[in-house]
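Only one chain is shown below, in structure tokens, and it's the form predicted on its own.
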Amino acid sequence: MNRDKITRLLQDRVFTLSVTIAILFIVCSIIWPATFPTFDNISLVLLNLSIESIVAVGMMLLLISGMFDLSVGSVVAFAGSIAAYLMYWYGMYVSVAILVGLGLAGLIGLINGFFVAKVGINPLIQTLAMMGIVRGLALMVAGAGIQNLPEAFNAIGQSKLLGLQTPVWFMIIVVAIFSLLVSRTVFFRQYYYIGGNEKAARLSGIRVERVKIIGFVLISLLAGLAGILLASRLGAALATSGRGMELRVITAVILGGASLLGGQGKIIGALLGTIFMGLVSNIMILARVSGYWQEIVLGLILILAVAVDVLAQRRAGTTPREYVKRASEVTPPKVEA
């Protein structure tokens, strides 16, 4: 293998993150041979990261197009809360309550997409405002929490297949479907063109606003699915569910190869990023590190991930000043004559 191929391989964050995860796994297996490499521990790690991985898939799609959504954690809480509320207080069928929860989650994404793509509001401002609004709605619906949910609903998140709980299989299915869609279909390839150069994408005939709106709807639907799975797994709907999830998901996605400038990233990278984050959390638990430190470590990992992204962009010719400017700018929507 020549030097150029080795350099390209080392610049591939999916490859480097896979190697890092493998090294972490080997080292931890040596340090904690009786507890870390066991099926019970690995399946627990997968279960814990499954909910965030489903949301991370949608976040990767948005970041490929140069956008992000800070309201996903609130949507997770709201979708689970509204489904639980309808089942508990109105005796609604499980399937209908789930569809209503997903429908309202999709509506939130549609509103976000409309104001970002059509009106031209910065995604940071729009989704930050929506995060507060939806969290308030979740608190109004769920209050201190809704318990005693139907067994048929709880079985969705608590049943097992081949020793793994259902949310893990949902995660695998979502990652597989979106990996195929993003890598094989013309429509989803448009997100790369928009993230790479939005003006050029518009001139080439891509309906940028429509594609952006669909991206926001998809991430909200995935967050809604994650919220319903989380409520069924816990057997209760909590308004505090998903708090801080947006930060963890964005960190994982950037670790997995996305850039705040858009135009790059793979769905499998989102999964690897959440696996890395899940392993770090598991290691801190095994090492009996205080829970307070976990938030500090999360912040440090985010700074490290963005620093790596800045360095990678600098190698591509983008200065730090240009990076900050491009990451915060919003291309105004096209105005019809």
Partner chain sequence: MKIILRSILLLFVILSACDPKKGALYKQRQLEKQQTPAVEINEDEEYVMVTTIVNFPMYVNHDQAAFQRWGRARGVKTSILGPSEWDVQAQIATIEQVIGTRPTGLLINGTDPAIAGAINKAVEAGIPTVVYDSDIPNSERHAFLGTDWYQIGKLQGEAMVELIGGKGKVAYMGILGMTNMEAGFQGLLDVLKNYPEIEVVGKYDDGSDVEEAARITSDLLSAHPDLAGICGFDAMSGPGIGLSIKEAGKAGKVKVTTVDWEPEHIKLVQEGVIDVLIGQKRELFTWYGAQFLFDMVHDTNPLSSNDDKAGITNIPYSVNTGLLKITQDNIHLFMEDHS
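Positions refer to the first chain, counted from 1. Keep in mind the model is a prediction, meaning the values are calculated, not measured.
There is also a form predicted together with its partner chain; it is not shown, and the following applies to it.
- Only one of the listed residues (263, 143, 120, 103) places a non-hydrogen atom within 4.5 angstroms of its partner chain in the predicted complex, and that residue is 143.
- Checked against its partner chain in the predicted complex, the candidates 95, 148, 183, 204 yield a single residue with a heavy atom inside 4.5 Å, and that residue is 148.
- With a 4.5 Å cutoff on heavy atoms, residue 159 does not count as touching its partner chain in the predicted complex; it lies far away.
- Residue contact with its partner chain in the predicted complex: residue 29 places no heavy atom within 4.5 Å of it.
- Taking the partner from the other structure, its partner chain in the predicted complex has a heavy atom within 4.5 Å of a heavy atom of residue 244.
- Proximity of residue 308 to its partner chain in the predicted complex falls outside the 4.5 Å heavy atom cutoff.
- Partner contacts here mean any heavy atom within 4.5 Å of its partner chain in the predicted complex, and among 236-244, 173-181, 111-119, 251-259 they occur only in 236-244.
- Contacts between stretch 71-109 and its partner chain, counted in the predicted complex as any heavy atom lying within 4.5 Å, involve no residue at all.
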